[in-house]
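Take a look at this single chain, the form predicted on its own, given in C-alpha coordinates.
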(Lines give C-alpha, C1' and ligand atoms only; values in the text may rest on other atoms or scores of the structure.)
Protein backbone atom coordinates (compact mmCIF):
# COMPACT_ATOMS: atom_id res chain seq x y z
CA UNK A 1 0.00 0.00 0.00
CA UNK A 2 1.35 3.41 -0.94
CA UNK A 3 1.55 5.81 1.94
CA UNK A 4 -0.17 9.11 1.19
CA UNK A 5 1.60 12.24 2.38
CA UNK A 6 -0.16 13.99 5.20
CA UNK A 7 -1.35 17.56 4.92
CA UNK A 8 1.60 18.58 7.12
CA UNK A 9 4.02 16.86 4.75
CA UNK A 10 2.62 18.74 1.78
CA UNK A 11 3.15 22.13 3.47
CA UNK A 12 6.41 21.28 5.24
CA UNK A 13 9.70 22.95 4.35
CA UNK A 14 11.78 20.55 2.24
CA UNK A 15 14.38 18.52 4.10
CA UNK A 16 17.90 19.95 3.89
CA UNK A 17 21.16 19.43 5.73
CA UNK A 18 20.75 22.80 7.44
CA UNK A 19 17.23 21.94 8.60
CA UNK A 20 18.46 18.57 9.91
CA UNK A 21 21.32 20.20 11.84
CA UNK A 22 18.98 22.83 13.32
CA UNK A 23 16.52 20.16 14.46
CA UNK A 24 19.34 18.09 15.97
CA UNK A 25 20.64 21.17 17.76
CA UNK A 26 17.16 21.81 19.14
CA UNK A 27 17.03 18.26 20.51
CA UNK A 28 20.51 18.50 22.05
CA UNK A 29 19.79 21.91 23.57
CA UNK A 30 16.48 20.77 25.04
CA UNK A 31 17.10 17.15 25.98
CA UNK A 32 20.85 16.59 25.92
CA UNK A 33 23.26 14.88 23.57
CA UNK A 34 22.41 11.42 24.89
CA UNK A 35 18.81 11.80 23.67
CA UNK A 36 19.81 12.50 20.06
CA UNK A 37 18.91 9.51 17.91
CA UNK A 38 18.15 9.33 14.23
CA UNK A 39 14.64 8.11 15.04
CA UNK A 40 13.99 11.03 17.42
CA UNK A 41 15.43 13.41 14.84
CA UNK A 42 13.16 11.93 12.16
CA UNK A 43 10.17 12.40 14.46
CA UNK A 44 11.13 16.05 15.07
CA UNK A 45 11.40 16.61 11.32
CA UNK A 46 8.23 14.60 10.61
CA UNK A 47 10.08 12.25 8.26
CA UNK A 48 11.21 8.65 8.37
CA UNK A 49 14.67 8.40 9.91
CA UNK A 50 15.99 6.88 6.66
CA UNK A 51 15.18 10.12 4.79
CA UNK A 52 17.89 11.83 6.81
CA UNK A 53 20.54 9.56 5.28
CA UNK A 54 19.84 11.05 1.85
CA UNK A 55 21.34 14.31 3.16
CA UNK A 56 23.81 12.77 5.61
CA UNK A 57 25.09 9.55 3.99
CA UNK A 58 27.52 8.88 6.87
CA UNK A 59 24.62 9.01 9.31
CA UNK A 60 25.15 10.00 12.90
CA UNK A 61 28.89 10.61 12.49
CA UNK A 62 28.19 13.21 9.83
CA UNK A 63 25.40 14.66 11.96
CA UNK A 64 27.74 15.09 14.94
CA UNK A 65 30.39 16.69 12.70
CA UNK A 66 27.68 19.02 11.41
CA UNK A 67 26.69 20.00 14.94
CA UNK A 68 30.31 20.81 15.80
CA UNK A 69 30.73 22.88 12.65
CA UNK A 70 27.45 24.71 13.24
CA UNK A 71 28.29 25.68 16.82
CA UNK A 72 32.09 26.01 16.71
CA UNK A 73 32.47 27.95 13.47
CA UNK A 74 32.13 31.59 14.52
CA UNK A 75 34.78 33.77 12.90
CA UNK A 76 35.76 37.12 14.33
CA UNK A 77 35.08 40.19 12.19
CA UNK A 78 38.58 40.98 10.97
CA UNK A 79 37.33 44.23 9.41
CA UNK A 80 35.75 45.53 12.62
CA UNK A 81 37.01 48.97 13.63
CA UNK A 82 38.94 49.46 16.85
CA UNK A 83 41.93 48.04 18.62
CA UNK A 84 42.58 44.35 18.03
CA UNK A 85 42.28 43.71 21.78
CA UNK A 86 38.74 45.14 21.80
CA UNK A 87 37.74 43.20 18.67
CA UNK A 88 39.01 39.93 20.16
CA UNK A 89 37.45 40.68 23.55
CA UNK A 90 34.07 41.18 21.88
CA UNK A 91 34.53 38.01 19.81
CA UNK A 92 35.53 35.99 22.90
CA UNK A 93 32.46 37.18 24.84
CA UNK A 94 30.18 36.28 21.94
CA UNK A 95 31.85 32.92 21.30
CA UNK A 96 31.66 31.97 24.96
CA UNK A 97 27.96 32.86 24.93
CA UNK A 98 27.44 30.74 21.82
CA UNK A 99 29.16 27.74 23.41
CA UNK A 100 27.21 28.12 26.64
CA UNK A 101 23.93 28.46 24.73
CA UNK A 102 24.67 25.12 23.08
CA UNK A 103 26.33 23.43 26.05
CA UNK A 104 25.11 20.01 24.94
CA UNK A 105 27.33 20.24 21.86
CA UNK A 106 30.35 21.44 23.84
CA UNK A 107 31.64 17.91 24.62
CA UNK A 108 31.71 17.27 20.87
CA UNK A 109 33.60 20.51 20.23
CA UNK A 110 36.19 19.44 22.81
CA UNK A 111 36.54 15.77 21.83
CA UNK A 112 35.73 15.31 18.13
CA UNK A 113 38.48 15.62 15.59
CA UNK A 114 36.99 18.15 13.18
CA UNK A 115 39.67 20.73 12.39
CA UNK A 116 37.67 22.10 9.46
CA UNK A 117 35.03 23.30 11.92
CA UNK A 118 37.53 25.64 13.57
CA UNK A 119 39.66 26.58 10.55
CA UNK A 120 37.74 29.72 9.57
CA UNK A 121 37.50 30.84 13.19
CA UNK A 122 41.26 30.45 13.73
CA UNK A 123 42.03 32.20 10.44
CA UNK A 124 39.84 35.15 11.42
CA UNK A 125 41.51 35.48 14.83
CA UNK A 126 44.93 35.40 13.16
CA UNK A 127 43.83 38.09 10.72
CA UNK A 128 42.60 40.39 13.51
CA UNK A 129 45.96 39.99 15.23
CA UNK A 130 47.96 40.54 12.02
CA UNK A 131 45.98 43.69 11.22
CA UNK A 132 46.80 44.86 14.73
CA UNK A 133 50.52 44.59 14.00
CA UNK A 134 51.22 41.18 15.57
CA UNK A 135 53.79 39.14 13.62
CA UNK A 136 52.47 36.13 11.67
CA UNK A 137 54.06 33.45 13.87
CA UNK A 138 52.97 35.15 17.09
CA UNK A 139 49.48 35.70 15.64
CA UNK A 140 49.13 31.99 14.86
CA UNK A 141 50.12 31.00 18.40
CA UNK A 142 47.94 33.69 19.99
CA UNK A 143 44.89 32.74 17.88
CA UNK A 144 45.23 29.09 18.87
CA UNK A 145 45.74 29.99 22.53
CA UNK A 146 42.74 32.34 22.58
CA UNK A 147 40.45 29.78 20.94
CA UNK A 148 41.63 27.09 23.36
CA UNK A 149 41.08 29.39 26.31
CA UNK A 150 37.50 30.26 25.36
CA UNK A 151 36.52 26.65 24.60
CA UNK A 152 38.25 25.36 27.73
CA UNK A 153 36.71 28.00 29.97
CA UNK A 154 33.24 27.29 28.61
CA UNK A 155 33.76 23.56 29.21
CA UNK A 156 34.80 24.18 32.82
CA UNK A 157 31.92 26.57 33.31
CA UNK A 158 29.38 24.02 32.04
CA UNK A 159 30.83 21.39 34.37
CA UNK A 160 30.75 23.87 37.23
CA UNK A 161 34.40 23.21 37.97
CA UNK A 162 35.62 25.69 40.54
CA UNK A 163 38.02 23.61 42.58
CA UNK A 164 41.29 24.93 41.15
CA UNK A 165 41.75 27.63 43.79
CA UNK A 166 40.68 30.49 41.55
CA UNK A 167 37.16 30.34 42.96
CA UNK A 168 38.39 31.62 46.30
CA UNK A 169 39.84 34.72 44.65
CA UNK A 170 37.16 35.36 42.03
CA UNK A 171 33.85 34.72 43.74
CA UNK A 172 30.73 36.62 44.51
CA UNK A 173 27.86 36.29 46.90
CA UNK A 174 27.73 34.98 50.40
CA UNK A 175 27.51 31.40 49.18
CA UNK A 176 30.94 31.71 47.53
CA UNK A 177 29.53 30.93 44.07
CA UNK A 178 31.97 31.44 41.25
CA UNK A 179 31.52 34.62 39.27
CA UNK A 180 32.17 33.00 35.90
CA UNK A 181 31.99 36.33 34.06
CA UNK A 182 34.70 37.88 36.24
CA UNK A 183 36.80 34.74 36.01
CA UNK A 184 36.47 34.71 32.22
CA UNK A 185 37.38 38.40 31.88
CA UNK A 186 40.40 37.99 34.16
CA UNK A 187 41.72 35.02 32.19
CA UNK A 188 41.00 36.72 28.88
CA UNK A 189 43.01 39.72 30.09
CA UNK A 190 45.96 37.44 30.81
CA UNK A 191 45.73 35.76 27.39
CA UNK A 192 45.42 39.02 25.45
CA UNK A 193 48.03 40.75 27.64
CA UNK A 194 50.57 38.08 26.73
CA UNK A 195 50.36 38.76 22.99
CA UNK A 196 53.38 40.61 21.66
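Residue numbers count along the first chain shown, from 1. Small disclaimer: the values here were computed from a predicted structure and weren't measured.
FYI, the form predicted in complex with the DNA isn't displayed, but the following is about it.
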Worksheet, complete the sentence: Answer among 149-157, 126-134, 66-74, 49-57 for heavy atoms within 4.5 Å of the DNA in the model of the complex: the stretch 49-57
Practice prompt. Using a 4.5 Å heavy atom cut-off, state whether residue 36 contacts the DNA in the model of the complex.
Written response: yes
Worksheet item: in the model of the complex, does residue 15 have a heavy atom within 4.5 Å of the DNA?
Response: yes
Worksheet entry | 4.5 angstroms heavy atom contact with the DNA in the model of the complex for residue 144 | no
